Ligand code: AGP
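Heads up, the chain below is alone and in the form predicted alone; it's given as structure tokens.
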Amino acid sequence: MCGIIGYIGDQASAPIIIKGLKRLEYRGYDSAGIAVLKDGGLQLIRREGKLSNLEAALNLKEMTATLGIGHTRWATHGAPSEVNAHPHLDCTQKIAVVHNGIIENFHQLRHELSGRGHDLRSQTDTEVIAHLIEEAFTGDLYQAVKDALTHIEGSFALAVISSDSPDMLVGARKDSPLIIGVSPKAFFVASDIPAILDYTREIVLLENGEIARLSPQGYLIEQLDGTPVSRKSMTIDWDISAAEKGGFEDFMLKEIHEQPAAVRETLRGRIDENGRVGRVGLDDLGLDDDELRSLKKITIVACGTSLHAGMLAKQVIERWARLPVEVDCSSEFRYRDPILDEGTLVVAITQSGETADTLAGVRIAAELGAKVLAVTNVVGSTITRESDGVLYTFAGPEIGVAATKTLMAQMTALNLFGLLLAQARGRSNHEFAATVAELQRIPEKIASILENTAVLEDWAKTYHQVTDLLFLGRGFSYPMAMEGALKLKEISYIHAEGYPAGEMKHGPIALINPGLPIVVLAPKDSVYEKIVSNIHEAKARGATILAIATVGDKDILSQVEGVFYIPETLETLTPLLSVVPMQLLAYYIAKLRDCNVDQPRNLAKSVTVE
């Protein structure tokens, strides 16, 4: 996820673009850049780091051009650096492009362009777009962009300018958001509404597969195949704060709703047309098939929510690849003198890539001769530089402290890794193919959960004043019971425990008193009958049972006080669905308790100290 903005009108573009980028900095903040017309050419200024670094490098009084584009970056290809920052130029330095999205076939395009003599200077996927436009340009920038996009596979929202077309701004989108802003004497393109609310509240939404040509006189929208598009503008009455959150009340709720996109982007380009996990999308993995086959053991290290993703990864890897997996919380791993050697792969999971305890574990693993694979959401973070390979998640920046969409992206990526291990080790079977197909259906199933939350809101109204709450699960649901309890603790400050349901009778069942609410994960899976028995044990001691069950399960209704249904899916993928209602339940309870869900007390987004 990145933020882009373009302006064409009757005022100096640079101050407008910088102000717009400030409104978009929540979409990316590892580098930023701007390109405007100057003296018949393009003036390009880019800086690594926060937007303030770029702003300090600009002399806005001298930047009077009325056409320009800008970008604030969340890296997906190429580490954060000035050379990888947007905008990107072509060989002639006359065409500038800013882009949000992922170009799936950029390796192939880069190779082909280099073979034709193009000088590509960055490690980004975006730069190939500028060179494709250069090749297609014969005087008409708009047509050149249309022609260039026929070669691109993946997602994009982009804005393009050229010094040879000083009265034209081009925008296009596919699977990444882009809007047009309309005012009497100026027009904008932007990733999101906040970027332009200081200048206009009249917007036009671009749809998938559409391209727009903007000039000081107006705009034109077409489908990429040339079919004209007529669409009315809409007037925005949100304030800036609400607009930054996409109309949601909090970043956490917005990010919960971004989970379908997080799954899609993490899968994008990683499954080939034959339904196999492809190497192209896992090019930073750092392990070839021979190395994957030679592994004797995997050790997973992580903290907090990432640890729960690791607990799930243990189960899917052992099931599919038949390879033993240990899971350790990083803060313990670093002090327990672990047994590691060259036959061990240490998988270190950290959203930020800067978690101090996990980094310490990575350094111990390297000292002991183990290979290290980092699973992270942040390109160029410390862990990516200290590991042998990287498995990136593509959730985009997460503003809320409590992890939601980043967990979803981690679970998706780790499922892919488990499938790749099985593939390399010759253990692919019918379940493998079914899992690959079902993974691609998960986004729409998450979306269906997000559309029907009334039951969860009712539960929150009933139980938001309790002092204790229990979450139970078995098998693949056990790590999600742990996650459900963690989310509730983090943002509502209610004491909660996640527990393997079968272990309750070994002591903790003594804590059950009449009316204690227990959320039980009871999907129709291989341990369904066992979890039903655990429900009876808890009910016999007076507990109130709230079940998360598979749609169509009518039998559960007579055995519990409340049911929230999730779509049917494969047993191994159930956690990607069952975690969503627990995130929402924690959110609704916290809001009723008047808690700050985006910035819970005593917590930080990235724990960079021991």
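Just so it is clear, the model here is predicted, and its values are computed rather than measured. The numbering used is simple: start at 1 and walk along the sequence shown.
Not on display, but discussed next: the form predicted in complex with 2-deoxy-2-amino glucitol-6-phosphate.
Under a 4.5 angstroms non-hydrogen atom cutoff, 2-deoxy-2-amino glucitol-6-phosphate in the model of the complex has residue 403 among its neighbouring residues. Contact check for residue 73: no non-hydrogen atom falls within 4.5 Å of 2-deoxy-2-amino glucitol-6-phosphate in the model of the complex. Shown alone here, residue 99 lies farther than 4.5 Å from 2-deoxy-2-amino glucitol-6-phosphate in the model of the complex, counting heavy atoms only.
Contact annotation: residue 191 falls outside 4.5 Å of 2-deoxy-2-amino glucitol-6-phosphate in the model of the complex, judged by heavy atom distances.
Between the options 415, 126, 355, 266, the residue in contact with 2-deoxy-2-amino glucitol-6-phosphate in the model of the complex by a heavy atom within 4.5 angstroms is 355. For the candidate set 490, 258, 90, 244, a heavy atom within 4.5 Å of 2-deoxy-2-amino glucitol-6-phosphate in the model of the complex is found for exactly one residue, namely 490. Of the candidate stretches 296-304, 317-325, 333-341, 268-276, only 296-304 contains residues with a heavy atom within 4.5 Å of 2-deoxy-2-amino glucitol-6-phosphate in the model of the complex.
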